[in-house]
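The data below hold one chain only, encoded as structure tokens and taken in the form predicted on its own.
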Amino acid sequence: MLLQPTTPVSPASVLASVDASYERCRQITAKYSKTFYMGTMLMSEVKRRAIWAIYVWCRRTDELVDGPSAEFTTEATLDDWEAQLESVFAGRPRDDYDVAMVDALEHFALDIQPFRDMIAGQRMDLQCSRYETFEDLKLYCYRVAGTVGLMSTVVMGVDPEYNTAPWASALPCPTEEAIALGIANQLTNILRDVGEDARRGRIYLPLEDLELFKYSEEDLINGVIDERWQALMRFQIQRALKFYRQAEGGISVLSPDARWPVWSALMLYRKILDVIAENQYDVFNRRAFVPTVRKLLCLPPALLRARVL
């Protein structure tokens, strides 16, 4: 369990050192997102430390609505968290985890808006537990995950050679591609966690899609796996894959030292969809995870793509 938003520290309070704060962020990233952590280890030290700090901030934000104390979270809680975010961007850390974020801001020109947008995504979770259309869900996915793409792109950096290349204007916008990767990852999370979310009274699959495949909310809550469900899941997986394909187009624009980590992260996370299919789309009783050996096998082809694409 991570620390929740705190009250402002007093002048006499002693926070963790920068190195100690980053180490805490590293440990949390390694514990809670093994696939993501593997990708960060391919980055330069300054970049991976900043990514760990961002990951922990995002996780803490998510835990306000999905964590052990989520039942006590209100709009006022999120207001307080947004105030703490403002303090971080003003260079005033309130707790040990904030220290790493403040230091990351000194190295990278991160914009506060994606962070605010992510908090807005948590507000959506407080306000509703169903999404009628995919467009509704897409906004949610942008806020809780596409924003991570925006944050990360600033840290990854764009290859300066493209800025002066005569064909630069024809290249895909890395910002849009970064958002697409975040949405793809979130759609993957949603498909993997259907059963868990249903037990908490939440359905993220668009209701219009359930209706299209004649699959009811009651079927989902009861974990019914039949031809309707399998067809619905194949449809959802194809949608997620479309966003992964869109994201691929922007990787070549990134700084050379970021391409292998991003290709690796994309390929590793996309493998979760393969496992869901291999499990006959049973996301009610089996959690889809990619074995370590399969993760390691992704690294060489990811490196090849980083060098030639």
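Nothing here was measured: the structure is a model prediction, and the numbers come from that model. One rule holds for the numbers: they count along the sequence shown, beginning at 1.
Not on display, but discussed next: the form predicted together with a small molecule.
Not displayed here, the small molecule is approached by Pro174 to within 4.5 Å at the level of heavy atoms in the model of the complex. In the model of the complex, the small molecule sits beyond 4.5 Å of every heavy atom of Asp80. Although the partner is absent from this view, Asp62 contacts the small molecule in the model of the complex, with a non-hydrogen atom inside 4.5 angstroms.
Taking non-hydrogen atoms only, Asn189 approaches the small molecule to within 4.5 angstroms in the model of the complex. Screening Met233, Val99, Val194, Ala178 for any heavy atom within 4.5 Å of the small molecule in the model of the complex leaves a single hit, Ala178. Out of the listed residues Val88, Met118, Leu137, Ala104, Met118 is the one that sits within 4.5 Å of the small molecule in the model of the complex by at least one heavy atom. With respect to the small molecule in the model of the complex, the three residues Leu205, Ala277 and Tyr281 uniformly fall beyond 4.5 angstroms at the level of their nearest heavy atom.
The chain is drawn here without the small molecule; in the model of the complex, the stretch among 105 to 113, 207 to 215, 91 to 99, 180 to 188 whose residues come within 4.5 Å of it by any heavy atom is 180 to 188.
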